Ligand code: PAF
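First, one chain by itself: the form predicted alone, in structure tokens.
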């Protein structure tokens, strides 16, 4: 597996791959890789001639400098995991390598589009602008055939699709949320949970599953579905930053959509101890089995 510490090296390799007609599957990450990331890489390797991964803790998408400093960094450890799952190449770099300057104020920002309104966009000001900026830059460097993202960051996937449409590439592949046996969505932040917090955090996916059961029982009103979700979280002693239901195909930002819904995505953000976690579930999608979250 190739390893590069300069985005320019990756750009040269990708240009050569394009000349050879190779399909490149790309997985952008901030490192601290877990099984969810590795599932994306395995799929990219299966569906393309080459699987390429970037590792870069992007300062533009952190509205809390302390959170940026705490984010785990282990490029060698990440590279070892990637090599074991068939990754073709991995690259990293610094702010200058990616943006041409170390002065973040001089980096031209990308428009994250209408999906950045509300929920994460409201609670993390500037976050999606930072995501859109680095994703646009990564796509320009790699020019991949396909790019792979996890559904756990659902609102982010809408922002990514906006950037891909603006550029005219790549195909964006959104993969199902990877979960721990308890139902907890896998995240690099989970490593900061102690044993009791990890058990409590599993109540987030349990609440999403309860909202899905209400949908399957015939409930279509978004306010009623939100109430089911909020009540389930409250019974676990979790006060969320938001517990919302949205139409996944018609994003409405801060305001819940007018019901009844034909499709629905339930989304949660909550703090468990000092750790902020997010999760979501397509209510009209595959069943989140009860035994997974018990």
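Residue numbers count along the first chain shown, from 1. None of these values were measured; they are calculated from a predicted model.
Omitted from view is the form predicted in complex with ligand PAF, to which the following refers.
**Report entry** Single option in 153, 219, 129, 180 placed near ligand PAF in the predicted bound form, where near means a heavy atom within 4.5 Å
**Finding:** Comparing distances to ligand PAF in the predicted bound form, the residue within 4.5 Å is 153.
Query raised in the report: Here the chain is shown alone; which of 135, 82, 116, 201 has a heavy atom within 4.5 Å of ligand PAF in the predicted bound form?
Result: None of the other options qualify; the answer is 135.
Requested in this report: From the candidate stretches 53-61, 263-271, 232-240, 250-258, select the single one in contact with ligand PAF in the predicted bound form, where contact means a heavy atom within 4.5 Å.
Outcome: Contact-bearing stretch, as computed: 53-61.
Query raised in the report: Could you tell me if residue 149 has a non-hydrogen atom within 4.5 Å of ligand PAF in the predicted bound form?
Result: Yes.
Query raised in the report: Does at least one non-hydrogen atom of residue 38 fall within 4.5 angstroms of ligand PAF in the predicted bound form?
Result: Taking the distances in the predicted bound form, the answer for residue 38 is no, it never comes within 4.5 Å of ligand PAF.
Query raised in the report: Are any of the heavy atoms in residue 228 no more than 4.5 Å from a heavy atom of ligand PAF in the predicted bound form?
Result: Taking the distances in the predicted bound form, the answer for residue 228 is no, it never comes within 4.5 Å of ligand PAF.
Query - 4.5 Å heavy atom contact, residue 32 and ligand PAF in the predicted bound form - result: No, residue 32 sits far enough from ligand PAF in the predicted bound form that none of its heavy atoms falls within 4.5 Å.
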